[in-house]
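As structure tokens, one chain now follows by itself in the form predicted alone.
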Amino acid sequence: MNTSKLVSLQILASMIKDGDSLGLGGSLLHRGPFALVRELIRSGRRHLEIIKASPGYDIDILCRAGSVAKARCGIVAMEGQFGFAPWYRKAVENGVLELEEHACATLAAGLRAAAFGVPFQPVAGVHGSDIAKLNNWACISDPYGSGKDCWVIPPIRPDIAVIHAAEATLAGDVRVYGTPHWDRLLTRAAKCVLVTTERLVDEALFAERPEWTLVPRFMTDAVAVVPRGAWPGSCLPFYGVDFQGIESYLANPGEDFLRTHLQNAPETRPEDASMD
């Protein structure tokens, strides 16, 4: 008999404590666990570490709320038409946020080392960059005698991975549509996996296409159903990016707007959370 892993969004957020390192799923404005991020702000979380190859709105609003102390990131942006993430940039410039800067490939290599249980992971493309020196990464010679040197990245193991999915079962099987971004790797590297999902579906639907399962139930610690949980980003095929919502977020810098933004998000208004 399968045990249900279904919890509320509030309980899911309560499983994350001050000071935890969080690996956030998705990429830029696409299929990020943004409802959970907002719930962490409402819950008053502080001193979090964010691990994500390509964050955007998620790390920016956490910096805006003063919830983040450290980040390990590659590119950080609000997508091409919106440019840099302004509150993230301000936090780095003011020394409020301790940044371990990565290329997307080096962060993925660190996650892969953690997932594989090895002390480091080789990575290409670092030669000529100061990132390796800044992070004190090691460069080793090829033990098989090619004469080439290779940079190696130590493990990056988040305390908790949080991803937003298209569908899940009560038992915790999870799938997405389209690219998984870094979510497969992230969930294998982390110590704990939490999931928000657009909807619950019957296990029989997963059994029909088992190859679509991104995270199997034995890896999932808890699931919360949060329709439009990636707003104002996208979760295809259900809805795209709310560009007007992003523009409003960026155009209103005051604390009053942040409170309003959190109050009016879809997860606070279940009657408005239906999928497009």
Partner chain sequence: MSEDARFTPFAFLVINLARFILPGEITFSGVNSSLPMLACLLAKKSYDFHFTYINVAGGVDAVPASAPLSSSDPQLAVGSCSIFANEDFYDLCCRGRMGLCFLGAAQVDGAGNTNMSCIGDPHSPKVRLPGGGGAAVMLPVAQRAVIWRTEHSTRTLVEKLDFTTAAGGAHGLVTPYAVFEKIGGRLALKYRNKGITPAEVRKRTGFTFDAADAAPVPLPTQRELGALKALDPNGLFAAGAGIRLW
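Positions refer to the first chain, counted from 1. Everything numeric in this text was worked out from a predicted model, so none of it was measured.
The same protein also exists as the form predicted in complex with its partner chain; that form is not shown, yet it is the one meant from here on.
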{"property": "Residue stretch of 158 to 166, 121 to 129, 138 to 146, 195 to 203 approaching its partner chain in the predicted complex, non-hydrogen atom distance within 4.5 Å", "result": "121 to 129"}
{"property": "Its partner chain contact in the predicted complex: F243, any heavy atom under 4.5 Å", "result": "yes"}
{"property": "In the predicted complex, V37 touching its partner chain (heavy atom, 4.5 Å)", "result": "no"}
{"property": "In the predicted complex, C63 touching its partner chain (heavy atom, 4.5 Å)", "result": "no"}
{"property": "Non-hydrogen atom contact R175 with its partner chain in the predicted complex at 4.5 angstroms", "result": "no"}
{"property": "Heavy atom of each of Y249, D256 and H261 within 4.5 Å of its partner chain in the predicted complex", "result": "no"}
{"property": "Partner contacts in the predicted complex for 68 to 101 (non-hydrogen atom within 4.5 angstroms of its partner chain)", "result": "G74, I75, V76, A77, E79, G80, Q81, F84, Y88, R89, V92, E93, L99, E101"}
